[in-house]
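Starting off, we have a lone chain in the form predicted alone, written out as C-alpha cells.
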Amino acid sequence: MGNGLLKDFFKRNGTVMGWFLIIAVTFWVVVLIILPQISMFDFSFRNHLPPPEMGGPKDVYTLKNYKYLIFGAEGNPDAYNKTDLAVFGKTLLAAAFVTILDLVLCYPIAYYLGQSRGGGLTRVLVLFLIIPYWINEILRAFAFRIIFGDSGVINEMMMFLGLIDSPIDFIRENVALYAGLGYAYILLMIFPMYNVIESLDRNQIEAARDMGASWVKIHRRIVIPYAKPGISSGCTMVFMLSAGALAAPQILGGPSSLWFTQIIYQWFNQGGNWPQGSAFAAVLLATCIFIVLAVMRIFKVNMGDIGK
C-alpha cells in the first residue's frame, strides 16, 4: 500500500518535484520542528550550570525545573507558585478569548467571501484584508498602542463627541492587547473557513430557504457543520499563536499585565537559565496541544479534517 501511494505521488508530481517535496517537507518537519523541540525538552530536565560544568558529574537529569513552576523556589512561604501559575492560567484564558473573538468577527466575513459570486467588491475586500499585513507585526503593534493611547484616535474622538470627559486607559485595561492580538491573527481565522465555505453547494442554502428555514437554522444545520474543519483549523492556529505571542504582550500589555511567554523570555534572555525556560516552554506547548485535542474531541473533529 505504501509503495502504491509513493508511486501515485511521483506520478502526479514527477520524479524531480516529488523528491524535492519529500526532502523539503522532511527537512521542515525534522530539522526545524522535531529536533528543536527534542532539544528543548532535554534542556528542561537539566541543571542550570556554567558552561565549564556542562557534561560533567553535575550535569544530570532532574525534575526541579518543573517543580519550580508548581511550587516555586525553595523556601517559598506559599504552597504553590501562585504568581507563575496565575500568569499561566491567565494567558490560556486570554488566548481562548482572542480565539472566540476572532471566530465571531471572522465567520460572517468568511461566509460572505465564500458564498459571494466574485466581483470587484469581493476582490477589494480581500485586498483590504491582506494589505495591512505587508507591515511588520511589531510596527502594527506600536500602531495599536498609538491608536488606543491616552491621546490616541479613539480617546480623542470619544472626547470630541462628548462621550467621555477624560481619556480611558485602554492599555492598562488590556483592551489594546486583546484588540492587537485579535487583529494579528485575523487572516488565519478567515481563510481556513473561507476555503471550506467556498466549496459549499449554494443549492443547499437555497433549498433550505425555500423550505422556510431561518438564517440562524441554515447556519446551525448546514453551514457550520460543513465549515467545521475550517473553523477548527482557524481556531487552532489563533489559539496556539495567541498563547505563544510575545511582541504584542510586550508592546500592548499594561503595567500589571504579564504573559507567560514573557516569563519564558526572561528565563532565557535575562536570567540566562535555559533549562528553566525550556521547562516553562514545554509546559505551555504540552498544555496548548492538550487543550486543542480535547476541544477537537468534544466537537468531534478529526486531525485529518483540519488538513483538508
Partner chain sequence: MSEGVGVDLQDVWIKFGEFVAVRQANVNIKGGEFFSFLGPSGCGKTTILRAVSGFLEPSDGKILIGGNDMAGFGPNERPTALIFQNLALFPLMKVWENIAFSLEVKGASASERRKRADELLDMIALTGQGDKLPSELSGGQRQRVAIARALCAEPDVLLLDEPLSALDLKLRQHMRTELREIQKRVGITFIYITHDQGEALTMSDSVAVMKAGIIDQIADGKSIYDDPATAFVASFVGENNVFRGTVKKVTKDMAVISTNRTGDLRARIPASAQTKLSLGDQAMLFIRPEALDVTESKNKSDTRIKAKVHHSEFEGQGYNVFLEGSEGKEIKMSLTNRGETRMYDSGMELTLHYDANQAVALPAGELASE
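Every value quoted in this text rests on a predicted model; they were computed, and no experiment measured them. Positions refer to the first chain, counted from 1.
Another form, the form predicted in complex with its partner chain, is not on view; read the next lines as being about it.
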Which listed residue (Ala96, Ile154, Ile222, Val175) meets the criterion of a heavy atom within 4.5 Å of its partner chain in the predicted complex?
-> Ile222
Only hit among Gln115, Gln204, Asn76, Thr122 for heavy atom within 4.5 Å of its partner chain in the predicted complex is Gln204
Contact segment among 159-167, 82-90, 205-213, 184-192, judged by heavy atoms lying within 4.5 Å of its partner chain in the predicted complex = 205-213
Heavy atom of Tyr226 within 4.5 Å of its partner chain in the predicted complex = yes
